[in-house]
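A single chain, nothing else alongside it, follows as C-alpha cells in the form predicted on its own.
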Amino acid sequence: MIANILDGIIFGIQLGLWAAGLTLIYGLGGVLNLAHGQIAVISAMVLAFAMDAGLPALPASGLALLVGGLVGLFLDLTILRPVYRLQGEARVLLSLLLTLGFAFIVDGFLNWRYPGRALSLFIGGGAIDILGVPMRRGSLLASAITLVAFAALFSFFRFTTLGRAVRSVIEDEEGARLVGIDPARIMRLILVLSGVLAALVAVTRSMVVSVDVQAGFGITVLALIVTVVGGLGSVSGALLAGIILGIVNVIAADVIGTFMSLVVLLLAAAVTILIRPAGLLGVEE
C-alpha cells in the first residue's frame, strides 16, 4: 500500500502540472483548449529532434519550452481570435471545436510524418529507497522539477504585480478592466504560459515513460479531469486534485486494472460536479 501511495503521489504531482495550464486558460477566459496535449507532443518532438541533432538535453529542453510558448501564442493570435468575440457557452463551445480541430490536424500530421516517434529522457542510476520503497531516479527528478514549477507559479501569482493582475481578471474581468487591466493581454500571457507548462509536461513525463506522437489526447483527457476536480482557475486546486487522483488511479489500476482506473477518475469528476460544481478549491458563484 505504501508503494501505491508513493507512486500515486509522484504521478499525481505530474497530473497537477498537466492541469495547471488548462485550468488557468478556462478559469481566465472561459476557453477550453483541447489541444493542450498536442502542444506537449509538439514540444516533445522538438526536444527529440534537437537531441538527435546533437544538442545537449538541457538546452534542447529550453528550446522545447520556447516552442510550447510559441504554439500558445500562435493559438491566441489565430484560431482563438473569433472565440474572444463571444461570451458564455458560445465561447466555450467554439473554443472546444476549434482547438479540437487543431488537435486533430497536429495528430494527423505527426502520425503520418513521424509514426512511432517518441521522446524518452533516460535518467541513469539505481533506485532510491523512500520509506522502504525503491523509487526510480527519473520519477523523483520529474517530481522535483514539477514542484519547483508549482512554487514558481505560486510565487508569481502571489508576489508579482502581473500575477495579481491575472488573479483579478480570473475573479472579476469587468472590475479588472475598470482599473486599467487589459484582459486580452492577460489572456495572451496565460496562453503562452500554458504552452510552456505543456512543454514542461513533455520534458518531465519523458523522464518516466516515453512520450510518443499519440500521447496528446491522453494528456488532455487527464488534464480535464483534474481541472474539473481541482477547480477552474485554481493552480492550488490542480495540484491537490492531481495528488488525490494520482493515488486513486494507482490504487484502482492495481485492484481493477488500468482501463477501469480511468473510469474511476471520470466517476470522481462526475461526483465532484454534483457535490461541488466549482471544484475542490474553486470559487463558488
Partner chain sequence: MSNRGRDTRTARSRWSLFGPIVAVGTALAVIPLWLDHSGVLMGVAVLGLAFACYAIGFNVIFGSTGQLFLCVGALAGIGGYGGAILADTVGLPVVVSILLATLVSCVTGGLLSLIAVYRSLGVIFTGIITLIFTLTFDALLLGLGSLTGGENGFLIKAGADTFLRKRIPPYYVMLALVVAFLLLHGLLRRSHVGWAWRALRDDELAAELAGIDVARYRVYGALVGAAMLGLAGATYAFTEGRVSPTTFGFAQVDVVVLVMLAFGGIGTLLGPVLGAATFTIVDEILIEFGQLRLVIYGALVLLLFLFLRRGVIPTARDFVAKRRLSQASAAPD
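The shown structure was predicted, so the numbers you read here are calculated from the model rather than taken from an experiment. Residue numbers count along the first chain shown, from 1.
Omitted here: the form predicted in complex with its partner chain. The next part is about that form.
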Based on heavy atom distances of at most 4.5 Å to its partner chain in the predicted bound form, which listed stretch, 146-154, 100-108, 133-141, 178-186, is the contact stretch?
-> 100-108
The unique member of L93, I128, V209, L77 whose heavy atoms fall within 4.5 Å of its partner chain in the predicted bound form | L93
Three-residue site V221, L232 and L266 fully in contact with its partner chain in the predicted bound form at 4.5 Å by heavy atom = yes
Flag I9 as yes or no: does it have a non-hydrogen atom within 4.5 angstroms of any non-hydrogen atom of its partner chain in the predicted bound form?
-> no
Any chance V228 has a heavy atom within 4.5 Å of its partner chain in the predicted bound form?
-> yes
May I ask you to check whether L162 falls inside a 4.5 Å heavy atom distance of its partner chain in the predicted bound form?
-> no
Decide whether A57 counts as a contact residue for its partner chain in the predicted bound form under a heavy atom distance cut-off of 4.5 Å.
-> no
Taking its partner chain in the predicted bound form and a 4.5 Å non-hydrogen atom cutoff, the residues of 58-86 making contact are I79, P82, L86
